[in-house]
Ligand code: NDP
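In structure tokens, one chain follows: the form predicted on its own.
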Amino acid sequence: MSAGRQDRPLPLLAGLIGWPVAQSKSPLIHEFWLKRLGIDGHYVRLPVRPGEVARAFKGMAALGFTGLQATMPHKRACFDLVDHHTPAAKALGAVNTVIVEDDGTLTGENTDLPGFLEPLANLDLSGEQVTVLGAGGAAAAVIAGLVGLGARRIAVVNRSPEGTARLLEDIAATLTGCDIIEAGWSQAEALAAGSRLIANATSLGMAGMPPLPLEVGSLRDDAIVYDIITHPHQTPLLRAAAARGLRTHDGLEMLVGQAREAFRRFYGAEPPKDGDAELRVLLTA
């Protein structure tokens, strides 16, 4: 796959579709790596309205794009519109990365799963309960990641029972042998209090959005709080958890992790890790 990238006309182009998309830090990450590696390429933000993803896809190959990534609310639309799915995308029922193949067909990939797991290396959740807030495309990767770490009792908190049911149906094969608790927000604090890890996969707490209705006072002393929101990267939830001395992970960690996987596919090169500290400073400036 990487050899095909090198044979394409320069510059190598990739980008991010979403609505909104102005807040995204993904271009900073990809452009940082491109410059560090001396690759003639670009990564751009592309504001695409809901319902317009199919039209956006039609121009990708003609414009010379090697691929696109998708953020809210387009991950499910991307899943339905690509020509092929990788096993990971098929298992999760969600696509966040679309690869333009040499023949012009589109392959749907999901890089959220390795991105979510990157800061949780060596964590063992065997025998533990976890709570996932939200039931969108990112929640599928979060849940699959937690199952991969050994969790078998998973509480999914969401305002819409229908949305939760669809998510669980999409990833049913991943949940074999798991005890799933479907809950509304009225049960969130009680479920979180009994969990080793609590992950926010909603947009609540994002700049311009309502706050996340979850207090951290009753969480276990060994609880891990992971908020995948990137704007702001230190959400009220994470600040409250850190003030309690709890282990926290922010959305920038997941963002960089999933970007690594996409960068390899888009540009046919390995993103360097020796600049991670400098990249983190750039992302939090």
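Just so it is clear, the model here is predicted, and its values are computed rather than measured. Residue numbers here begin at 1 and follow the sequence given.
Below, we turn to the form predicted in complex with the named molecule, even though it does not appear here.
S.K.: Could you tell me which of 143-151, 201-209, 172-180, 78-86 sits within 4.5 Å of the named molecule in the predicted complex, going by non-hydrogen atoms?
M.R.: Result for this chain: 201-209.
S.K.: So which of 241, 34, 255, 56 reaches within 4.5 angstroms of the named molecule in the predicted complex, heavy atom to heavy atom?
M.R.: Contact with the named molecule in the predicted complex is made by 255 alone.
S.K.: I'd like to check something about residue 229: if you look in the predicted complex, is any of its heavy atoms closer than or equal to 4.5 Å to a heavy atom of the named molecule?
M.R.: Judged by the heavy-atom cut-off of 4.5 Å, residue 229 is in contact with the named molecule in the predicted complex.
S.K.: Test of understanding: in the predicted complex, would residue 160 fall inside 4.5 Å of the named molecule by heavy atoms?
M.R.: Yes.
S.K.: Residue-level contact is defined here as any heavy atom of the residue lying within 4.5 Å of the named molecule in the predicted complex; does residue 138 satisfy this criterion?
M.R.: Answer yes; at least one heavy atom of residue 138 falls within 4.5 Å of the named molecule in the predicted complex.
S.K.: If we define contact as a non-hydrogen atom of the residue within 4.5 angstroms of the partner, is residue 108 a contact of the named molecule in the predicted complex?
M.R.: Close contact is absent here: in the predicted complex, residue 108 is far from the named molecule, nothing within 4.5 Å, heavy atoms only.
S.K.: Within 4.5 Å of the named molecule in the predicted complex, counting any non-hydrogen atom, which residues from 101-115 show up?
M.R.: The one in contact is 112.
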